[in-house]
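Before any questions on how it binds or moves, here is one chain, the form predicted alone, in C-alpha cells.
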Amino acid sequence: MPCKRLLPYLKVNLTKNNIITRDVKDFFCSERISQNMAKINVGIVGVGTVGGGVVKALDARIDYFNNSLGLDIRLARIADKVTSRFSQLPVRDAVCTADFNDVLNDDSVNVVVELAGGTGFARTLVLESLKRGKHVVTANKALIAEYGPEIFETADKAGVSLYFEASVGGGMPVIKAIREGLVGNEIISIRTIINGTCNYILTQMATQGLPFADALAAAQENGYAEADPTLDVGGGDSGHKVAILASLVSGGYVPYGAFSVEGITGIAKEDIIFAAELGYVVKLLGVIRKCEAGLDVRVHPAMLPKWHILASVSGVFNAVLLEGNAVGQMLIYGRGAGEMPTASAVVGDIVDAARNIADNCPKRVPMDYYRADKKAALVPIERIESRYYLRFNVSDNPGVLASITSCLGAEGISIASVMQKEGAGEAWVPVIIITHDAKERGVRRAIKDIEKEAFVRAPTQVIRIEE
C-alpha cells in the first residue's frame, strides 16, 4: 500500500477496534510496548543466603525493569522449607510456601530460579521445570558440572533455556563474557583463581605467617569457609567451575572428574615462606589451555611470579585471566561469592530470560553442543610440561644432594636453582629445587626413585610454576 494511503487506512481500522490515535507513530510504539510487557512471573526455590539476596536485589530494581526496560517482571512465588525466612524479606505480593511443587505447578510461572543447592532435589526440580516449558536460572555449579549434558539436552528439547551465570565467579560476568562478549574470539587459555575460601587462606598464610590449620580457622570465623570446608580446600569447588569454563571454551563437554584436581591442604607454612624468598606467590589455580594434543585442564596449587597479574589477587577476591586470539589478554576480577555478588548474577540471568521471553526468542544463546556424546579431548596431566618447585625433607648428610640431582638428571630434568636451609637443630633439612621446563611424567618418576632412598624423611612437596 502506498505511503500516502496508509495513514487513513490505519485511522479507520484502529477506530473500529476501539483504539483511537492522532499519530500513526503511536500505533507502532504501543504495539512494541505491548509485546515487551509480556508477563514474566518468577518463582524462586530456596531463599537462604543467595536466595534471600536475590529477593532483595529484585525488590530494589524491579521498578526499573518495569518502567525503564519495559519488562513486566514479577516475583510470583517463593518456596522454602524454613518459612520464617519470608518475614525477613521484601516479598511484596509473592505467594510464599514451604512446598516447591507450588512453584512447579503454577502454569503462570515462566521462570524458575533454583537456589536450593545440591545435586539431588535440585536436579529433579530443574529437569521437571524445563520439561514443563519453564526457563530456569541456577547458581548450582555442581549441578551443571556433573549433569550438564542431561540438563541442556532437556532444555533444548523443551525449547527453553537454562541460565547459569552465578555458577562461576559469583558476581563476575564470566559466562556472559565467554558466550557473548568474546564470541568473536577463539579462547586460547584461561588461568583463574576461582575459590575465595582458598584464596583467603593462602593470603593469610602469606601475610600473617599462619600455618594452614590456623588460616582455615580464621576463614571459618569470618564466614569465608563452611563448617565442613572439604569441597573448597580439596579443590572440588574450583574443579566444578573449571569444568564449566572448559566446556564453554572447547565447544564440547568436559566432565568433572576427567581432569586432575588438587587442593591446598598439603601446602605448608614453609612452602609459602620459601616461595616468597624465591620471588613467588602460591595460589590455587585453574588452568585451561588449548594445545595441539587437545585441551589441557587442571586445578592445583601453583607458584606465580610476584609480578604476575594474578599474584596480586588476594583475600576472598577471584579473577579470571582469559586470552582470546583477537582480543589478547583480559582480566575479570571481583568477589566470587557472597549474598549480594551472587544475587547480582542471578538477577542478571532473570532479566536475560525476561528479555528473551518478551522478544519470543527463548534460545538466543544455545547450548546444544554441551552433550555427553561430544566430549572434549583432554591432555592427561602426565603429558604436561612445566617448571617445578620441589621440596625434599632429607637427612643432613654428605652426598644427599648429589643423589637427588642424579635421579632428576636421569629423567632429563634440568635444575635452575637449589636452596638448602639449616635444620635448626633437627637431623633433617629441607632442600628446595627449582627446575627448568620438565615433563610431569619424568618428574613423578624421579621423585618415586628419590623417595626410595633412606635419607628421605617425608613425602616430597611438588608445586608447579605458572608464568
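Residue numbers run from 1 along the displayed sequence. In this text, all values refer to a predicted model and were calculated from it rather than measured experimentally.
From this point on, the text means the form predicted in complex with a small molecule, which you will not see here.
- Scanning 349, 262, 271, 232 against the small molecule in the predicted bound form with a 4.5 Å heavy atom cut-off leaves one residue, 232.
- The contact with the small molecule in the predicted bound form, taken as any heavy atom within 4.5 Å, belongs to 337 out of 281, 71, 367, 337.
- At the 4.5 Å threshold, heavy atoms of residue 246 stay clear of the small molecule in the predicted bound form, well away from it.
- Although the partner is absent here, residue 196 is a contact residue: one of its heavy atoms lies within 4.5 angstroms of the small molecule in the predicted bound form.
- The small molecule is not drawn, but in the predicted bound form it has a heavy atom within 4.5 Å of residue 237.
- Contact between residue 241 and the small molecule in the predicted bound form is found at the 4.5 Å heavy atom cutoff.
- With the small molecule left out of view, the stretch that reaches within 4.5 Å of it through heavy atoms in the predicted bound form is, among 188 to 196, 120 to 128, 208 to 216, 371 to 379, 188 to 196.
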